[in-house]
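Before any questions on how it binds or moves, here is one chain, the form predicted on its own, in structure tokens.
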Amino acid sequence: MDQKVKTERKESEQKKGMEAMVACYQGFDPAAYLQYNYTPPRADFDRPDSIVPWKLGCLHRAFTEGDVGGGVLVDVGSGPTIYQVLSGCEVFDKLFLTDFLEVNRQELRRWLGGEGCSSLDWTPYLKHVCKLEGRRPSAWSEKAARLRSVVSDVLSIDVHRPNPLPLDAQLPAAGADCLVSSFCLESVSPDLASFDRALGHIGSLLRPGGHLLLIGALGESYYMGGPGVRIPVVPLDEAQVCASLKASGYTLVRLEVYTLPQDMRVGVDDVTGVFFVKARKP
């Protein structure tokens, strides 16, 4: 088989894989997904071993260490959630939320519009991050107002394209100062090679010297995106995460790992742990 045929076959397989992944997401239900993952026991703010407080703590530390900041923060694959930018909104002047699915972008716009019809009450999250910042929990409304004021847009994104954002996205020519991405790349990639390519693609959005804050699943092969909606995930381990970052040209600053307690394995996925990465683009 000559090289041209091999290349065409590989491209055809990649295309089929992407089409299958897109088809999986047609039944994604933001309200169900939020209920599965962002309510107790996974979001129990009275438990130090609960997964959501762990993630919020990692993000708080990363955004307050003094080396992450600037004008523009881009959240890659926001889904229907805002928790991942609650600390970042304090140190950036402009923030872009992004997602591939219109239903998720609509969910984000509903919260940003303050219409009171979001599928999840984010108040406990806002209060918890205020406490992490040394502020009184009652300051949560000020934080909500701050986040709404710095979000410039909710954009469509496709991490499998070399230029993931729309051409008219108002990013600086040099790129964003920081990217955040939570449970996105591994859950929208049909295989590890696709994950690696997506990681490289989003790097094109980041300026030299900028930071990537990446949260993802370890040992996960699927998650439920709604009743009966089983979405495949690329199973990752710590070594693969580090190798993928290195291959994409990032310098790893810190890797933290969380192992799910047994009672947090609630049947909506088969995740065994979560990683948090702070990395820098040279």
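Residues carry their position along the shown sequence, with the first being 1. Keep in mind the model is a prediction, meaning the values are calculated, not measured.
Beyond what is shown, the protein has a form predicted in complex with a small molecule; the following relates to that form.
Touches the small molecule in the predicted complex: Tyr33 (any heavy atom, 4.5 Å): Result yes; Tyr33 sits at the interface with the small molecule in the predicted complex.
Contact flag, Phe100 vs the small molecule in the predicted complex, heavy atom cut 4.5 Å: The answer is yes: Phe100 has a heavy atom within 4.5 Å of the small molecule.
Proximity of Asn104 to the small molecule in the predicted complex, heavy atoms at 4.5 Å: Answer yes; at least one heavy atom of Asn104 falls within 4.5 Å of the small molecule in the predicted complex.
Heavy atom of Gln84 within 4.5 Å of the small molecule in the predicted complex: Although the small molecule is absent here, Gln84 would touch it in the predicted complex, with heavy atoms inside 4.5 Å.
Listed range touching the small molecule, judged in the predicted complex by heavy atoms within 4.5 Å, from 203 to 211, 154 to 162, 137 to 145, 124 to 132: That would be stretch 154 to 162.
Heavy atom within 4.5 Å of the small molecule in the predicted complex - the one residue of Ala62, Leu236, Leu245, Ile51 that qualifies: After the contact test, the surviving option is Ile51.
Residue (of Cys58, Ala217, Val68, Val241) lying close to the small molecule in the predicted complex, criterion heavy atoms within 4.5 Å: Filtering the options by heavy-atom distance leaves Ala217.
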